[in-house]
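In structure tokens, one chain follows: the form predicted on its own.
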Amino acid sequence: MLDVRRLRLLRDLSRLGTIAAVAQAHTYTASAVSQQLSALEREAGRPLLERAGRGVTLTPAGRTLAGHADNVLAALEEATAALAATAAGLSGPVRIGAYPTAVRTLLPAALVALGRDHPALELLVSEMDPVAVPAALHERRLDVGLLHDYDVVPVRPDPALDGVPLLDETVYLAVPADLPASGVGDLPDVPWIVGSPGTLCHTVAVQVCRTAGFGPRVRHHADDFATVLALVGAGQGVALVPELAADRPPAGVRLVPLPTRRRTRIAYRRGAAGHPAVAAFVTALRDAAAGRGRPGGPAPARGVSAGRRRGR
């Protein structure tokens, strides 16, 4: 019989590439991970790892077994979800990971609704970059998390995760109000405000500019969109801002809608969709997203006509 905990370590080795990375993800020592994988080899009855320089790589048998691990772990998630569905009422922790703009604009309404309808749930929010969410879900530090990508820089789906769409947003070009521009192609010589190198926002800004025929002349790096818009309003440059972050731009900022889209989805481990707490969170957050723009919701972005917003 194969030990599920050891099977998870093998899956994570396939995903992360090194025993040291697996040990860090599980707060084990590298020696403990190696011992557990050796025990899994004995259970499997054949070598799963082989030396490759100073590290290890998976043998054909190891790759085969790691490929089945996601299905095994998904089946366990389904069993856990089915068991939770037999309980009377929802209770216990729900660990949520979300990027800052969503924490500010969407999560409050969802948390209020969940607290009202399921008071025994313990809702725990961690603000984090979407890039960090998949690993946190794999390592069971999160139960649900928000991921996003852009149509110009799509992200390859993770086979161990599942999810549902939440938002499909217009991306705006934010420019100082006195700067005449109808699109990115009009701005090859102006300074840009982009995300930190290595972030998806940075990659998207560079890609959008390159598609327009130039490389951005970066003046500032900023990862918080409120900061980005403040810098644009101060005449420090231009930037790309998704719709969720552009509902109340400061004075002096004009927003030009672009064909680029940002797509956000709610992610969870494969097999967990039927867990009552996960399902309740998905419903509450999608209701919160749908409620944006209703009476009492956020005001339309300045500089964007109501007709153009309806057409997105």
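All figures in this text were calculated on a predicted structure; none of them were measured in a lab. From 1 onward, residues are counted along the sequence shown. C-alpha atoms forming the largest set that superposes within 1.5 Å between two forms make up the rigid core.
Beyond the structure shown, there is the form predicted together with another copy of the chain, which is absent from this document and is the topic of what follows.
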Does another copy of the chain get within 4.5 angstroms of any non-hydrogen atom of Asn71 in the predicted complex?
yes
Val253 versus another copy of the chain, in the predicted complex: is there a non-hydrogen atom within 4.5 Å? no
### Query
Should Val131 be classed as touching another copy of the chain in the predicted complex when contacts are defined as heavy atoms within 4.5 Å?
no
Q | Contact label in the predicted complex: Ala267 to another copy of the chain, heavy atom within 4.5 Å | A | no
Requested in this report: Verify the flagged residues Val112, Ala222 and Val228 against another copy of the chain in the predicted complex: is each one within 4.5 Å by a non-hydrogen atom?
Outcome: no
Counting only non-hydrogen atoms, the one stretch of 201-209, 96-104, 80-88, 169-177 within 4.5 angstroms of another copy of the chain in the predicted complex is 80-88
Heavy atom within 4.5 Å of another copy of the chain in the predicted complex, from candidates Thr29, Thr283, Gln35, Thr64, belongs to Thr64
None of Leu49, Ala44, Leu258, Ala279 but one has a heavy atom within 4.5 Å of another copy of the chain in the predicted complex; the exception is Ala44
* Asked: Core-aligned, does Leu65 move its Cα 2 Å or more between this form and the one not shown?
  -> yes
